[in-house]
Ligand SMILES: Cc1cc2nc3c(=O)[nH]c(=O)nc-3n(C[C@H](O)[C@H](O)[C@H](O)COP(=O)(O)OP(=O)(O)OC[C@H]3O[C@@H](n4cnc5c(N)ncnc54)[C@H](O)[C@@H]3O)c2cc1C
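What follows is a single chain, given as structure tokens, in the form predicted alone.
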């Protein structure tokens, strides 16, 4: 039986990063993967969706070339080529992870892993051959998949999840997107940009409901402006797939409405991959579809850990990576701080992009803070105007008493690349006055952060 110091079950952005850090720390490490290295993020999530969205952005630029003083006879798209490019990008990234495994001398074990007592894992390969492996520490990083609702069963053709949405052979003329979290609105934007008639159905009162209310309202305006039909305070009660099109019964405040479309995309959240991996056999505690762990990701069973989407917290790639690093550094005996989940940035890559960190204005008020709130619209930004992307704004929230940066919320072009300033500033306990005195380059989108802070403190120049 092969013996390791650390075995990681799953090779997504949680798993493979964990394995690399473990190897760097001198542990003999293996990673078990039943499908493709890189997991959902690299193969079916973060990376290929961004490739699709880039194609949508370029197509949009071509269709609006006149706005930039350019003339193009007729811009057209090859939907299958757009999908193929996305798959090629994903394949290239997965090969990159293969290289990193070899570089860091990590053994890659292909197959489905199941935990056994005595810190063992049985791996069943594609030929049904079973092999046992042993490790001092086993880290579960099996991730999650698209969640299915009982009244919205996915058949992979007319009612689909994110995987099928990424690889449709033909572009649908019409689509209903159920759910307006990041996955739902990113696909809604992509297909709308390609020319599909898109309707978004959201159960809650606002699109992207976890965001600050000002962000949600601006986002909904932008979506409607782009031609996407938005139905909030609405729910899909049932679907009929027997005909050529899908018929969806949607319950609204005004009553029931029947929608027809070629495809329904279910984007109502995720389901963790914790079935049949041996948790029950070992008595590992779970609650509400999540594995219970302490601050350093140890389960109630010694030597077994869990990170990423399978534990409580934001189901985000960068969170899984951070958790895995913290987990193995703690195993190595390093002085590790628990992760501050209040300072995790969230990004949505539709158009306009959304990026946020910390408390919303509502949350800060409910927490009892006296606030200084500032906003700076990109319509007043020279860089945004020159780029033809004046929609959106930066919003900052500070504690009036001590100047603590409580939250930062952005909507607009490229804001997912800007939010790190707020994350770092909050990590370093930066005050509003320190942001104001840090010179920001001109002309850039990032100036809007400084200007929003200046607005909060009554010192804004360009409004």
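Positions refer to the first chain, counted from 1. If you're wondering where the values come from, they're calculated on a predicted model, not measured in any experiment.
This protein has a second form, the form predicted in complex with the ligand, left out of what is shown; the following refers to that one.
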Given a 4.5 Å cut-off on heavy atoms, tell me which of 61 to 69, 398 to 406, 431 to 439, 44 to 52 is the interface stretch with the ligand in the predicted complex.
44 to 52
Exercise: residue 39 in contact with the ligand in the predicted complex, heavy atom 4.5 Å
yes
Hey, in the predicted complex, does residue 9 get a heavy atom within 4.5 angstroms of the ligand?
yes
Looking at the partner-bound form in the predicted complex, is residue 187 within 4.5 Å of the ligand by any heavy atom?
yes
Residue 317 versus the ligand, in the predicted complex: is there a non-hydrogen atom within 4.5 Å?
yes
Residue within 4.5 Å of the ligand in the predicted complex by heavy atom, from 266, 180, 142, 381, is 142
Tell me, which of 166, 291, 326, 159 has a heavy atom within 4.5 angstroms of the ligand in the predicted complex?
166
Quick one: which residues from 111 to 133 get a non-hydrogen atom within 4.5 Å of the ligand in the predicted complex?
111, 112, 113
